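Take a look at this one chain, the form predicted alone, written out in structure tokens.
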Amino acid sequence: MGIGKKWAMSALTACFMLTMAGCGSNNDAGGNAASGESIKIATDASYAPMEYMDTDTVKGFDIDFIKAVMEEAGVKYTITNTGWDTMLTSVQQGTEYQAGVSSVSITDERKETYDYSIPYFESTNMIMVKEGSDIKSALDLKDKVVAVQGATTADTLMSDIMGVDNTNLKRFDSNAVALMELNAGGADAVVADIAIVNEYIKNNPKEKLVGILDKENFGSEYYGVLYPKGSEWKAKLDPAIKTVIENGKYAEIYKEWFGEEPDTAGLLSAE
């Protein structure tokens, strides 16, 4: 978790999101609904460009992707910005929300608690530092002050490198606050997903930030749709996800958000 009182962090997050994409709470959408079924999906809309708030609407790559999947499956859905911890807890319970879509990396540890869809996105963690930093790789972070979002793969990676109880490893409720900690001088580096780091650097040129990719210590990760253990939705939606990846719709969405072609062959082979 982060440092300081919960309300203070929430206020900082709200302020940060206003500078990035506005503020708001949820987004409603529907597919063709041929089956008459519906699903409620939770997200943490603080991961631009994957998911973020634009006034009162959730937008991003994940949001466009899940829309295409639901249209293919003929399922109505709502997607609501709940925050990371609430999303994980509520999806595990499976009552209020039956799925989570929020750049959730597929890990063996999480598989003990959740079911996942087939992979739909390849990512890796990235280091972000100020220009002129002497940090060049993940191992250089061992004796530094590092900010991460708690309960993410960045947290796991840095816990392995720095020690899980290391007080120099600062865990926050969101990447938004972790990024602000670096800008405020409270951390030497942030570790977060590559798409988020690159987007933040692009949108904040005056901050003079640098992204460092360390493929030796930070390997590829794959995102999946998160479900409660034993959920029937995996079997219902996996075929639609595969079709969207294979029929060109996925590449269309990917290019719109990232300006390049995705490696769909590699993605499908990661199943």
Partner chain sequence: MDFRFDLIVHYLPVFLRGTLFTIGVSIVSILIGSVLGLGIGFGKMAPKAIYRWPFHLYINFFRGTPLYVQILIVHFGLIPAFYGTTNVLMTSFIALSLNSAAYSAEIFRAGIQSIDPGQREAALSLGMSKWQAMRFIILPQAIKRMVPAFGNEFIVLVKDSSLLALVAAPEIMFWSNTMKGQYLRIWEPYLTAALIYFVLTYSLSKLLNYIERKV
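Numbering follows the first chain given and starts at 1. Only a predicted model underlies this, so the values are computations on that prediction, with no experimental measurement involved.
Just so you know, the form predicted together with the partner chain exists too; it's not on screen, but the next bit is about it.
Just one listed stretch, out of 117-125, 180-188, 133-141, 70-78, contacts the partner chain in the predicted bound form at the 4.5 Å heavy atom level, and that stretch is 180-188. Contact annotation: of the candidates 157, 129, 88, 194, the single residue with a non-hydrogen atom within 4.5 angstroms of the partner chain in the predicted bound form is 88.
By the criterion of a heavy atom within 4.5 Å, residue 199 is excluded from the residues contacting the partner chain in the predicted bound form. Residue contact with the partner chain in the predicted bound form: residue 161 places no heavy atom within 4.5 Å of it. Within 4.5 Å of some heavy atom of the partner chain in the predicted bound form lies at least one heavy atom of residue 104. With a 4.5 Å cutoff on heavy atoms, residue 97 does not count as touching the partner chain in the predicted bound form; it lies far away. Each of 109, 151 and 169 is positioned with at least one heavy atom within 4.5 Å of the partner chain in the predicted bound form.
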